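Read on for two forms of one protein chain; each stands alone as structure tokens, with the labels structure 1 and structure 2.
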Structure 1
């Protein structure tokens, strides 16, 4: 399917890949196509703001009540009911999959615990910068075994009219990466974006292709496989420091990594949170899979404040800081330009082995 790197439907989410999905009430021909959907390799499952939905999805229930979810992302949390939808991704066959609906005013209010994780809550599409998120990362399920065996994880809730209480959620009912449910092309995805010049571009088209090694357009080719730990992370060595919790995330709009020697953009600039070096830096880091495969990545970090002052929204050379203690290098969207990045889903067999792994 086509994706477009832009600042999104609200001009609020610079340098992010957006697409459209068609979503239908299960078992009906009542469908709608929703744009402004963020393609996110850092999460798992489809989530859409209630205010953008005009088809009736099927609320998930257990005997104890309606199912709601508190989904925690790196920098925000979202609350809302879990519902079954028929989802059509580009030319693939429609599949039925549990999805999350954000901020449904007809559903229970957010449980207090969900607001106590130290991250802002999603409230509206314009605040979030997207109408929905299509999580096509390394895992089938957004929570996995932990949530099917424990009711106190804080992710899934069973809600009566009065209140919501934590519940276990079987794997098959968890919000999940729709790709692995496809009848074919279900072992992962690839994301391909063209190279960009140093000043970026107003917007850029690329593609999200389903399957790895299943069609003529998704061969692994010479891409190198990087295996990951149980959380989906691998090690990046940057300036001699090993960062073992590193990941590749299309929903991050920069290279985010710890380097106190690079000047940060001022808080009141165009680019708070980004790096603002006086001249463009040419840097490199070494990624290492769990199995020992290594590869060097060369990248550049330019002055984000200067870049954002123009009218471009797609950039391959912006970065920002992470605290040292995170032990992480977040290879965000700039990493994808000029590359084909493969995302192999856990438990699914593909030419690079059984997922989860990244390959590029």
Structure 2
């Protein structure tokens, strides 16, 4: 699948990879292709805003009501029903998979429990900056065994006309990474993006390729494998401090890590939340997989306020602090430029072993 790093369909994003997916009502020829879909290696499953859907999808139900989901991301949360769709990704065969429909006005109001995470609730595509999210991260299901056995997780709800209450959700009915359901090329993905210069670019084209070691264009080659824990994390050591909850996330638009010595951009600037050093910093950190594999990553952090003042939307050298993720280094989209990054799905066999793991 072609991806494009740009400001997105609403000219509201910095450093985000977008693609298009085709969605059909299962068993019918009623289909549509929707662009402006954010590619996210930090989540699992396809989620589309209701206002962008023209095809009628059947909502999932239990005996007690219709199924809704509260999906919480790092900087936002989304609410809406779970429905079944036939999804076609590039040249792969269409697969039937549960998806989430964001902000469906005909569905129940957001439960109170879903509004208490301290992050904004998604309301419209223009507010979000995208039309949907394609989560192609390390795991098959967006919640997993925990949601299939406990109703108190806060992800899935059973909704009557009057109210929604927490419920369990079987694995087969959870929103899930569509890649692992493909008949072939189903053990993971790779993202390939070219290198960028220090001032960035207006937009950049790259590829999202399905499978690891299944085709001539997805060989693991000399990439190092970094195994992860049950949460999908490995350890990053930065300036002598171990950050054991670290991860790689194409849906994050910068390097996000704790460093109080780097100047923050002013709150009233073009780049609140980002770093604004007086000159570009050349930094390094060491990543370590759960299996002991280590590797040094050299990276740069420039003054984001200065970069954002221009007309470019793709950058390999922007970073910021990460106050809500203790012990974490978020290797966001800048990490992907000039690299081929592999995402191996849990339980799926590949040349690098059985997932989950990152490789680059």
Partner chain sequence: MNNFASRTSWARTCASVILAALAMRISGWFAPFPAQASLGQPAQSVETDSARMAGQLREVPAPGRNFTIKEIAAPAGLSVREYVSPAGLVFAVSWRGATPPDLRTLLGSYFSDYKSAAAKNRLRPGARYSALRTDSGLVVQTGGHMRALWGRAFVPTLFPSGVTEDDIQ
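Being a predicted model, the structure only gives us computed values, none of them experimental. Heads up, when I say rigid core I mean the largest set of C-alphas that superpose within 1.5 Å between the two forms. Numbering follows the first chain given and starts at 1. Residues that one form lacks are left out of the comparison.
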Checklist entry - Just one question: which structure is the form predicted in complex with the partner chain? => result 1
Item to check | Large-shift segments between structures 1 and 2, meaning 3+ residue runs whose Cα move 2 Å or more when the rigid core is superposed | outcome: 323-325
